[in-house]
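Only one chain is given next, in structure tokens, and it is the form predicted on its own.
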């Protein structure tokens, strides 16, 4: 059953827009699939290679702006920027990695944090190219969300299969060896700098493509949106941690959970506070609802603390522990 679970999930995802025609839920699923791609990319560099990165916003924003500039400056369909956005993100990642992979641990993480800010300031200041804080607006290709959904689904499936293939190859073994002990890997003759560069560029390519998809889907970007530390970089890390760092399907599970948690807070517990305020007419509840709807970062923090304390390997990584808590799992274990 465990072996067929991914195929069952894929069938459900293929049928989803045919069964659920509500734009709101289709929109949420498009975001989930986009985060699967971003989470898969972060998992390669951080989960498998052990290089914790806060730089996803830099790559995501680069891909988004590539799609926007294709449409506004080159008069080329932004859909051509799906691959070009990934390549542009790699163009940012390559020189950065070449210089900064001489750093380790927290120093490298801080360098990726600085990369986000550098890219955000470039997009803000270079107004002739990027439009600055005004941003870039393009006309969306499709009125319906269904085409965007299937494009996002195809990209997510390709990302998961691609990462699985990479991790089953020689590259994957080199990535894991670097994560476990970089000095030992170097003593065995592995060019750790080269393979960290490869890992970073795979992550940048996937994240850049997700950024291009976001530009095509939303039709508008500005520096504060696509180069956001907490909305992009931190979210990518949370998707990986909650789902399961260093697991193939961890980003899939993490994306579903994190988008649901974000929406839970954004809508005031799915409209509970709004309905209660309307029912009672209480100004205090209205004020409370406003603060609750802005508290998604607090919700993320609480969730991560709980996951780290209870499930340090994430939901997928500690799945056997979770099933052991269930009555059926406990019964099987005691019977054995």
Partner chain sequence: MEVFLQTLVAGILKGGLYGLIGIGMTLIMGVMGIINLAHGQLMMVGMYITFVCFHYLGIDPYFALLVSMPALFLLGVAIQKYTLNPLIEVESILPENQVLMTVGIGMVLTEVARFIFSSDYKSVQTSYSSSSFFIGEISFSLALTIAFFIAVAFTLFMFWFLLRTDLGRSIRATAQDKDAALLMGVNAQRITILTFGIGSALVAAAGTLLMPIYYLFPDIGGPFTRKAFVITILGGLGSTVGAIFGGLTLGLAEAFGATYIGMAFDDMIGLVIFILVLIFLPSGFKRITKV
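Positions refer to the first chain, counted from 1. Here, rigid core means the biggest group of C-alpha atoms that superpose within 1.5 Å across both forms. Note that the coordinates shown come from a computational prediction; the quantities given were computed from them, not determined experimentally.
Beyond what is shown, the protein has a form predicted together with the partner chain; the following relates to that form.
- Each of 110, 179 and 302 places at least one heavy atom within 4.5 Å of the partner chain in the predicted complex.
- Using a 4.5 angstroms threshold between heavy atoms, residue 42 counts as touching the partner chain in the predicted complex.
- Under a 4.5 angstroms non-hydrogen atom cutoff, the partner chain in the predicted complex has residue 120 among its neighbouring residues.
- In the predicted complex, none of the heavy atoms of residue 261 sits within 4.5 Å of a heavy atom of the partner chain.
- Using a 4.5 angstroms threshold between heavy atoms, residue 91 stays clear of the partner chain in the predicted complex.
- Residues with any non-hydrogen atom within 4.5 angstroms of the partner chain in the predicted complex fall in just one of 76-84, 248-256, 151-159, 230-238: 230-238.
- Residues 42, 46, 47, 50, 52, 54 are the members of 24-62 with a non-hydrogen atom no more than 4.5 angstroms from the partner chain in the predicted complex.
- A movement of the C-alpha atom of residue 28 falling short of 2 angstroms is seen between this form and the one not shown when the two forms are aligned on their rigid core.
- When two forms of a protein are overlaid on their rigid core, residues whose CA moves 2 Å or more are considered shifted, and residue 52 is not one of them between this form and the one not shown.
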